[in-house]
Each structure stands twice: as C-alpha cells, then as structure tokens.
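In the block that follows, a single chain appears as structure tokens, in the form predicted alone.
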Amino acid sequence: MKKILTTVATVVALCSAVSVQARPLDAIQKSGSITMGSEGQYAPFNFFRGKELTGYEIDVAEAVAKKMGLKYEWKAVGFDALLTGLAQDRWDLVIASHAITPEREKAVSFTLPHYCSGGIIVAMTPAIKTAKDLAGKVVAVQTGTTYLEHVKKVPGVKEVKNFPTDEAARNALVSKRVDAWVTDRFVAKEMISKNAKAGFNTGDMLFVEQVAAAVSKGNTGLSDAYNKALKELIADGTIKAISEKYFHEDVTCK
C-alpha cells in the first residue's frame, strides 16, 4: 500500500550518523515489552477511535507481540517520521503500511508482509478510471508514499500534489482542487462504504505491493522472532480473522 522514497535518503544518513543501536531481541525479551511505532491516520489499517489506537495493523502487531510473549507500547507519529525514529532507536519496530521497496531495504530490514494491496484511482467522475485517463489531470497523493513515485511515472499527468495525510488528499478531491486521488484499494473501499452517497468512483489499480513491518537494518534477531510468530498466527487463522474483521476478506499475500 503506502510509502516512500523521499525519506529513505534521510534515514540512511541518520543510520550513519547515529551511534545508538536498535535493541536486540534479548534486550527486548529481558525488558518484557516491545515499543512499536505507527501513524494512526490511515484507516482501516491504523487509526484512532477516540484515544485508542486501533486498526488491522495494530491488531496484527499486538497479536504478534503476545505470541512472542511480550507486552507492547505504542508511539504514534507522522508517517514521514516513522523510519527516521527507527534509525534513532526511538522504537523497536514500525508497522504503518510501508510497502517493501529496494530503496527502503537499504535503510531498514522488513519482516514478512502482513498484507498485499496497491494504489487505486479514485475520482468524483466515472470518466477517470485508467492510467490513460490521468493524462492532463492533477492527482493527489500523500507525502512520503510510494504512490508519489508511481503516479509520476504515469505518462501525461499534469501535476502530482502532495498532502500531509491521506485524508487531506481525499479532501482535496472532494473540494475539486484535484481531479483524482491515488490511495490504497482497501482505504478506498472503506471510505466508499462509509460515504456511499458522496459520489466517489474507483478505477483501475496502478500497481501492486507487499506491505510489511520494519525493524532497524540488520536487526535479524527481532525480525526472525516476529516472522516466526506471524507465520504461526497465519497458520492458525488468527490473522485471517483480524483481516475479515476490518475488510470482510483475507488481505494476506497469496
């Protein structure tokens, strides 16, 4: 689903500049608790219900932590700060719909993916459905996402406008400041189900991505333990049940 390439150079630089190291698995196990970072602005994956951080990814990460025998603490910050904070040792793991990309893999280590998705075109007119229909159009995306790079590659797009949150990008579409919005297909599905009369129309998917949690580069002990727990939860049906709770379908990668 989401996200980027613009912050990766910064993260790489920080990895070189910061001397602290991410907590290895034995240190986390000794403390009995893992600190995890997320955005909290990307329903239904991670969002706030009142003061409670919730969503598909939050439930998945909490289930994995429990499987690992750990308590957990959440830190919610802006999307662009998440990988930077990981490099600064502010949390042990990040789960916030980061798509696995070669560029990001230079800066962090990814776990196994917890879902597969991709960017879908959303417009207020059914005439905008395909990549070709974006020619001459202004398209909204969230800052710091892989969507930015993908939309830039679409031939003929007039302008790509960045917004600090996905909600802000959607609002730009509603107010007709842009012609289309590219977001995750499950985000679009959730949004349309809650706003059936708003006039949103979905078009084609522009690309497909694997989405995973991330740990500091080379922290293989933590990623291996996380992967083991995630595999067990997929095998016993726990992850499928969480997925169906939010999406009414299994969104794990097949």
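When you see a residue number, it is the position in the sequence shown, counting from 1. As the structure is a prediction and not an experimental result, all values here were calculated from the model.
As for the form predicted in complex with a small molecule, it is not shown, yet the points below apply to it.
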### Message
What I'd like checked is whether 42, 147 and 209 together line the small molecule in the model of the complex, meaning each has a non-hydrogen atom within 4.5 Å of it.
### Response
yes
### Task
With the small molecule left out of view, choose which of 134, 99, 121, 140 has a non-hydrogen atom within 4.5 angstroms of it in the model of the complex.
99
### Message
Considering non-hydrogen atoms and a 4.5 Å limit, does the small molecule approach residue 104 in the model of the complex?
### Response
yes
### Query
So, in the model of the complex, is residue 46 in contact with the small molecule at a 4.5 angstroms heavy atom limit?
yes
### Message
Taking 4.5 angstroms as the heavy atom distance cut-off, pick the stretch from 193-201, 218-226, 60-68, 34-42 that is near the small molecule in the model of the complex.
### Response
34-42
